[in-house]
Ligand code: DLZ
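Take a look at this single chain in structure tokens; it is the form predicted on its own.
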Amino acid sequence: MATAYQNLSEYDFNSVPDASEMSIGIVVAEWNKLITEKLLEGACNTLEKHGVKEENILVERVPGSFELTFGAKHLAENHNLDAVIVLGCVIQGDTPHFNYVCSGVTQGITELNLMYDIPFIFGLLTTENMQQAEDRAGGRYGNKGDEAAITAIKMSDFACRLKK
């Protein structure tokens, strides 16, 4: 378990590029809302802490995690964004549904990263139970939303530097 060795919210503040000129889209799933809203709060707070203006954070909601890729694609196509973060939470149940959703979202985000010139950041929790989700949404392992925001800033900066 990788997060047992690292808190998702711990990072070197000085290693994060200036984000004051960035515009970031966030697509968040409504399913498992108690978790996804905490992820969203973490992501927004971290983006703002690193200079992204509140008006340059565009948040849209979709019904569930499987719809994240559709939402992310349309955000990228309809707005001038530097990155898109997807936030969701899938918790293992008694059927193989978990596997299909997780696989579909993972493949979809990978495809978006290859199709567009901006990064799409994978912020989907894939947990065995609610406790694991809570631990990663502001609990003992930090907040995956924080990690997704830092990744968005760093990857946006990476893409911008390579275009010069």
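So that there is no doubt, residue numbering starts at 1 and follows the sequence shown. Not measured: the values here are computed from a predicted model.
What comes next is about the form predicted in complex with this ligand, which does not appear here.
Not displayed here, this ligand is kept clear of Y116 by more than 4.5 Å at the level of heavy atoms in the predicted bound form. Mapping the unseen interface onto this chain, G64 counts among the residues with a heavy atom inside 4.5 Å of this ligand in the predicted bound form.
At least one heavy atom of N32 is located within 4.5 Å of this ligand in the predicted bound form. Although the partner is absent here, V90 sits close enough that one of its heavy atoms falls within 4.5 Å of this ligand in the predicted bound form. Stretch 66 to 74 is the contacting one of 38 to 46, 52 to 60, 134 to 142, 66 to 74, since its residues have non-hydrogen atoms within 4.5 Å of this ligand in the predicted bound form. In the predicted bound form, no residue of 38 to 62 lies within 4.5 Å of this ligand by any heavy atom.
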